[in-house]
Structures are given as structure tokens and as C-alpha cells.
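Single chain ahead, written as C-alpha cells, the form predicted alone.
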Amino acid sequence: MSEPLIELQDITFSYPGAATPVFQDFNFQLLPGKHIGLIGPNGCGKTTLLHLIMGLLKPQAGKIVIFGQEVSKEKDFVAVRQKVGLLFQNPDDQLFCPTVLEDVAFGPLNQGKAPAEAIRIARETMAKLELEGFEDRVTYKLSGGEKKLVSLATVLAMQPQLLLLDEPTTGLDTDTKHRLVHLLQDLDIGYMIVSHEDAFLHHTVGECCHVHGHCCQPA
């Protein structure tokens, strides 16, 4: 069997002051090429799971292995973030440059690309999302749906080996959702999607898993 892209082993995680842990002896695997939907009620740990994988939260116990390497220190997760793209649920958590083109080019620049190469990648990525003409738009003045698309562009511009998407359809109209479905169907990398939209998951993932305190169970 292929080595998992992501493996969480016996993870325990609690938020400060919480009466009960979100995860207790939690185990999870994501295998190469898999497209998985994470489902469950609010508060079950779906977003927490993505943030643990990215090192934005740290477990109190257990082990996280990504691309075959155990990761625990911040420097470990810096390397992970070069290969794994996370789309935040709130695009305002993702966008911080003055203009759209600057935001989309930021990731490639951070990966060491030359400025001209970063701009080329940013423009190509924006074209795939039909964001031509947005280059000089002021990011904070965009609509919620536009911010979501630009956020996705910032993630895809880094050419990740794995995608983690947290409620990617929030704020999108029907046509844009269809565009996002086709884009995901064309990707040849693994991804996990947190979503409450059954129809969207039906067209974009191969299986759905219920998240709860000990593991992810097939839906």
C-alpha cells in the first residue's frame, strides 16, 4: 500500500478552557490521489483537523507525519506549508497585500521564484479562475465571493502537492461553484474538502468521512 500523504497518530487536542477535548487518541490517514470530503456538525473538529495538519494548532499528545516525515516544530511546518495549500474558511485570514496580483504572486515569491516568474504564475493561475482584469483591484474592496476566488488563486499559485479546502463554496454564486467543481475535477493532486454542501461534495470527492473525537469514519 502507498505511504500516506498525511497520518495523525493518537492525537489529543483541546482548546484552552474547554470542558472536553476536540480529539482524544484521534487517528487519520490520507492516501495519495484521494479526494475526501470531511463532514459533521459544527464543532466536531473539521477545521481543527486542517489547522493541526498545517501546524497552526499544536496537539497536546500524539504524532503527525506528513509526506513520510514526522513534523512537530515550527520549522517542520514551514516546509509543509511550501507543499500543502490551505484555503481558509474566511478569506480575510488569507489576503493581506494591497492588490490582487500582489496577493497571488506572494506565494511563488516566498518559494524563491524570481519576480517575473512569480508574476507569470500568478497571471496564469488567475486566468484559470477567470480572474483576468482583477490584477490591480484592491483586495479588501472585493465582494465575499471574489475574495474567496482570489484566496484560492493564492493557494493554487504555490503549485501545492496537496490541497486542504475549508468551506470553499461560501459566498460563491451557482456559476462560480460550477467553475470550482470543474477546476477541482481537473486537478491531479490529493485534496480534502470541509463542506456542508452535499451536492458540491458529490461532484468533487470520491468519499466522505464523518469527523468525530477518535477518527474519521466513512459516511
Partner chain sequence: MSPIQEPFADGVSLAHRLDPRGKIVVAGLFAVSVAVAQTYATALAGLALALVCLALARLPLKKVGARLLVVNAFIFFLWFILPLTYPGDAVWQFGPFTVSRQGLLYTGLITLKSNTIVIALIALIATAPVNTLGQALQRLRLPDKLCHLLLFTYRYLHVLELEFQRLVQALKIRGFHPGTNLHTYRTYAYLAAMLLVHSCDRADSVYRAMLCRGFHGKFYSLRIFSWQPRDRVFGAVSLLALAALLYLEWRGAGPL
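Quick caveat: nothing in here was measured; it's all calculated off a predicted structure. Residue numbers count along the first chain shown, from 1.
Keep in mind the form predicted together with the partner chain is missing from the figure; the text below concerns it.
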Check your understanding: Would Leu57, Leu101 and Met158 all count as contacting the partner chain in the model of the complex, using a 4.5 Å heavy atom cut-off?
Key -> yes
Exercise for review: Determine whether any heavy atom of Ser72 comes within 4.5 Å of a heavy atom of the partner chain in the model of the complex, and answer yes or no.
Suggested key: no
Check your understanding: Though only this chain appears here, would Pro115 touch the partner chain in the model of the complex if you measure heavy atom gaps against 4.5 Å?
Key -> yes
**Study point:** Any non-hydrogen atom of Phe88 within 4.5 angstroms of the partner chain in the model of the complex
**Key:** yes
Check your understanding: Can you check whether Ile119 is within 4.5 Å of the partner chain in the model of the complex, heavy atom basis?
Key -> yes
Point to revise | Position in contact with the partner chain when the complex is considered in the model of the complex, options Asp92, Glu124, Asp76, Glu130, heavy atoms within 4.5 Å | key: Asp92
